[in-house]
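This document opens with one chain alone, in structure tokens, the form predicted on its own.
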């Protein structure tokens, strides 16, 4: 696969409350070191907590690297109408291409009423949504599936393989979510079990699985190997997962 055809479907840009944030220049250097040319970038949770400035940083990164970065807006559903206004500003004024929701860091339930006005905007504008998935009680697989059923027209991408620990009922829940919601796809970042990734491909098709690194939280040079080295995936399946799916679903 050529570098230009691969897309990391989830990275973070900007200063982070939790440390380890990267600017656009460093982000591009890190993904290129993994042999990946493009990425879908979302704002890190900023130290100042306000997400508007973080969206401005993402927009500046996209302007600096228009051929390599497509950036999504990040908003806090707890802000109600202000969150809707910020999403609309990010789409209309900043030119961002989708919505990123992190229930664990912003402290809301992904299938709760606070999220519905934002999803209505996503449906109206035809934009995709990435959901940080797998956190107890706020974004577990069944909760994301509930959201997907409420908004079947909206493409929703689950991070972390749709779970956190890759064991027990969490893995089953992620598989059930994919099985029951055709608008759901799942990312590979942190999914250390090859059998889970390959099982999703076998059961739901390679079109439902996207390569992601969650850089700088995780290391792109390792994360891309989860797909490249998977022993039971064909070259055509890897091509879809490493770039074509993100191109179709997220790069808008």
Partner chain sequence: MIIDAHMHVDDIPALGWKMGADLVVSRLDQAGIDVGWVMTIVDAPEVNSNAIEWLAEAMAEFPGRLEGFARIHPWYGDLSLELLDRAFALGYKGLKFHAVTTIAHPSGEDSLRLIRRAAEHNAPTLFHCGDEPLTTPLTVAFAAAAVPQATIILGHMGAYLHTDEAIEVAERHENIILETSGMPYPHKIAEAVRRIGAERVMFASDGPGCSPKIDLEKIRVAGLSPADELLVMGLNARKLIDGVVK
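Residue numbers count along the first chain shown, from 1. The structure displayed is predicted, hence computed values, not measured ones.
As for the form predicted in complex with the partner chain, it is not shown, yet the points below apply to it.
- Contact check for residue 221: a non-hydrogen atom falls within 4.5 Å of the partner chain in the predicted bound form.
- The partner chain in the predicted bound form comes within 4.5 Å of no heavy atom belonging to residue 60.
- Mapping the unseen interface onto this chain, residue 135 counts among the residues with a heavy atom inside 4.5 Å of the partner chain in the predicted bound form.
- The shortest heavy atom separation between residue 194 and the partner chain in the predicted bound form is within 4.5 Å.
- Partner proximity in the predicted bound form, defined as non-hydrogen atoms within 4.5 angstroms of the partner chain, places exactly one of 61 to 69, 47 to 55, 31 to 39, 212 to 220 at the interface: 212 to 220.
- Relative to the partner chain in the predicted bound form, residues 165, 226 and 229 are all within 4.5 Å by at least one heavy atom.
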